[in-house]
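Presented below, as structure tokens, is a lone chain in the form predicted alone.
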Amino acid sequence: MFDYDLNDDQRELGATARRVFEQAGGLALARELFETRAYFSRALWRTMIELDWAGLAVPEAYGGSGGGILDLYAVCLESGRAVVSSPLIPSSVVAAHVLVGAAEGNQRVAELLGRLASGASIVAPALLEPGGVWDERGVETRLERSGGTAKVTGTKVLVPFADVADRLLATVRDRDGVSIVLVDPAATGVSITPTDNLASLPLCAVVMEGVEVDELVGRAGGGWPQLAPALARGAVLRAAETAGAGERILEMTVEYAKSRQQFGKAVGSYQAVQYLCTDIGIASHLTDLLARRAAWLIDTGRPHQRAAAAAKLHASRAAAHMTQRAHEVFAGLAFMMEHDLHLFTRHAKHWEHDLGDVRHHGEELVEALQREFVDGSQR
């Protein structure tokens, strides 16, 4: 019997996160950012840095707090409830974990990791390409070596926070296979264009034309083994945000169903509406259970790839399912810009596909099960 529940410190961290997000404005802030196309609140991110959340999962040796994914899980549940956009998952989790694996013996990477942990730097993972494939098969960006220099050419899409990042963490393909490089966004040959999107999130297209890079991050050709565990961590925390959003969506929907009168009584008294609310609750709760188990496996050093894939697979489905059910209860009201549900719907569409969609994590889950069936191994 395993206990996946948050401990007292993690629950207190979650309570603190809820207060911080509410004091920053909560859904009113999310609405303001959406309407002004401001993408994210720098003031709120500074507060998160002051609370040491940027370095929460970074080892103490590199200036972090040495916390685990369950610590960040408590924060991400609350950021999902408030539909907060921040560099926490892409920079402080995905990029940070890759850098941790390459920092030993590499002073330049170790220094960048220290700046990331302190909040002084943002490192944006530049991974997805126009083909939309979230694994090494989709890496077409080229790394060419000639005369002692290495140059990168290719296009990355939906890169989070690229226009405010100090470095881009990019996957490239060379003669050794898939590797990882750090790219200076201000370098000659780099073009960054913000991408208009449904949720007004800070997503960019990055075009690199013969951009010089200094060195690889980690081993040549070993990029995907370095990146896969980082992506799993990010996917689990994105699932946590989805679960947190589901909790808030359920509260909003039930409150409306209890107060909205139709044919002389509350619409929530009709069994069909109750079923819709129940669907939201089940989807949110199951997402939380699967993601919390995956986070626990990561923190305890157990094989976790299958659990992480299952969590994000369900979360991607739940992101669409929960918002659809809520819209059915609210009917036309929630399509009005004045209503808050559309903020969740817009973010949920990004969460559904970010860090691997249903198809990607379904394939990951099948491959993990095949490995276990054939040779009894897990990862």
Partner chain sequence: MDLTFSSEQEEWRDEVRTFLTAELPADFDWNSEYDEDEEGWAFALDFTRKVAGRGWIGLTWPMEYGGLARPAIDRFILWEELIRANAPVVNHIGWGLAANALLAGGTHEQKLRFLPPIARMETFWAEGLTEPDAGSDLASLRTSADWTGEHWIVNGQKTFTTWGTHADVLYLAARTDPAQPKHRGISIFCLDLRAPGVSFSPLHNIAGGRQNHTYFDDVIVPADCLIGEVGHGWDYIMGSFYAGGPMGGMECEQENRLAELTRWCSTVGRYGRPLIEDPYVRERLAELAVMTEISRVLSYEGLSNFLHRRPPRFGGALNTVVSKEMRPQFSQTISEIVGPLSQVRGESPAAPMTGRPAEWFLRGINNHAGGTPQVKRMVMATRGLGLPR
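Values in this document were obtained by computation on a predicted structure and should not be read as measured data. Residue numbers count along the first chain shown, from 1.
Keep in mind that the form predicted together with its partner chain is missing from the display, and what follows is about it.
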Mind checking whether each of Y275, L369 and E372 has a heavy atom within 4.5 Å of its partner chain in the model of the complex? yes
Though only this chain appears here, would P185 touch its partner chain in the model of the complex if you measure heavy atom gaps against 4.5 Å? no
Should A266 be counted as a contact of its partner chain in the model of the complex, where contact means heavy atoms within 4.5 Å? yes
If you check in the model of the complex, is I192 within 4.5 Å of its partner chain, heavy atoms only? no
Does any part of G362 reach within 4.5 Å of its partner chain in the model of the complex? Heavy atoms only, please. yes
Single option in R108, H285, R142, R219 placed near its partner chain in the model of the complex, where near means a heavy atom within 4.5 Å: H285
Pick from H97, R173, R293, R115: which residue has any heavy atom within 4.5 angstroms of its partner chain in the model of the complex? R293
Within 4.5 Å, heavy atoms only, one stretch in 251 to 259, 142 to 150, 88 to 96, 159 to 167 touches its partner chain in the model of the complex. Which? 251 to 259
Suppose contact means any heavy atom within 4.5 Å; which members of 308 to 326 contact its partner chain in the model of the complex? A310, L313, H314, R317
